[in-house]
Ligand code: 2E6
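Quick setup: one chain, the form predicted alone, written in structure tokens, and binding and motion questions come after.
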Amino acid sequence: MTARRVLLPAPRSFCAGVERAIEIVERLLERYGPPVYVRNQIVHNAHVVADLESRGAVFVSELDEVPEHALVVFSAHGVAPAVEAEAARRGLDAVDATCPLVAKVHAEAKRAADSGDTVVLIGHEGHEEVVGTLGVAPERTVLVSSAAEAAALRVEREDRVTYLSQTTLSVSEVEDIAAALKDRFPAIRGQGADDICYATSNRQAAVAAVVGEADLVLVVGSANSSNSNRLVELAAANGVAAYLVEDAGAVDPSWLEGAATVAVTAGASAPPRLVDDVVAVIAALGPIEVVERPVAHETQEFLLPQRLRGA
């Protein structure tokens, strides 16, 4: 019996921003004990959230669910300044776990808005990162989610426009919308796909490098994980069957029928062990040959907040 090939594109799974956010909650639980409140999911992964809940983290949707003067963490996706101000008004001990790359986009939005520009944010409506970025300068920021929306956009001054991007979109999506914005506003300023975080672009590049060999692509990640969904879309756009799976239990054995080569990856918020579990499910169906396919080596690290360093 011929062994099925299992390709493991790399990088995959956790990125530095996700690791930092999770470690912030873990260290706060160790230092202060439960409960540690977290506004929204710390990262978009159900397994990570469940694990932290089992240790005493309490996830809430809004700050009014947090008792006054309690410890609260802002998730990796970032929050609007109004949320920070509300936390201060209520005397909450707030710890910011915003990914530094999201914080960079917030700083760019503030700088552009303060200079008098209209800020055009390329992103998906309702995503927590987008909600936070829109809140940096709400009176001067507009959201576009497609090239058609970009082409139809009207602004106060066409010579004073800056565009930014949600960090977890596909590179091609941002490039298409940015091109439409440049056609609409020739004087627009922006960095193209540079706002997409290194982890998102690396994971997309890794899948792109193997998709031509694969009969099936399995992406481990939660349904609300933007970067995980983009990996599925990338594979599907190349004509390959692709599925997003929460964990090994979501793998349908029928998908593997006739699939001689299967690529398994994971979004940046998915724990590495979940990939191992999916590979084990494939191995249970017959002999496999596991092949690592690295396209980049990530060495990025982000400092913890000052109060938690060395803890």
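Given the structure is predicted, the values throughout are model-derived calculations rather than measurements. Start at 1 with the first residue shown and count on from there.
In what follows, reference is made to the form predicted together with this ligand, a form of this protein that is not presented.
Not displayed here, this ligand is kept clear of residue 173 by more than 4.5 Å at the level of heavy atoms in the model of the complex. Not displayed here, this ligand is kept clear of residue 265 by more than 4.5 Å at the level of heavy atoms in the model of the complex. Although the partner is absent here, residue 102 sits close enough that one of its heavy atoms falls within 4.5 Å of this ligand in the model of the complex. Within this chain, residue 117 is remote from the site of this ligand in the model of the complex, having no heavy atom within 4.5 Å. None of 231, 218, 122, 76 but one reaches within 4.5 angstroms of this ligand in the model of the complex through a heavy atom, and that residue is 76. Proximity to this ligand in the model of the complex, defined as a heavy atom within 4.5 Å, singles out one entry of 162, 165, 202, 225, which is 225.
Looking at 122 to 130, 137 to 145, 85 to 93, 107 to 115, the stretch with residues near this ligand in the model of the complex, meaning non-hydrogen atoms within 4.5 angstroms, turns out to be 122 to 130.
Residue 18 is the only member of 12 to 38 with a non-hydrogen atom no more than 4.5 angstroms from this ligand in the model of the complex.
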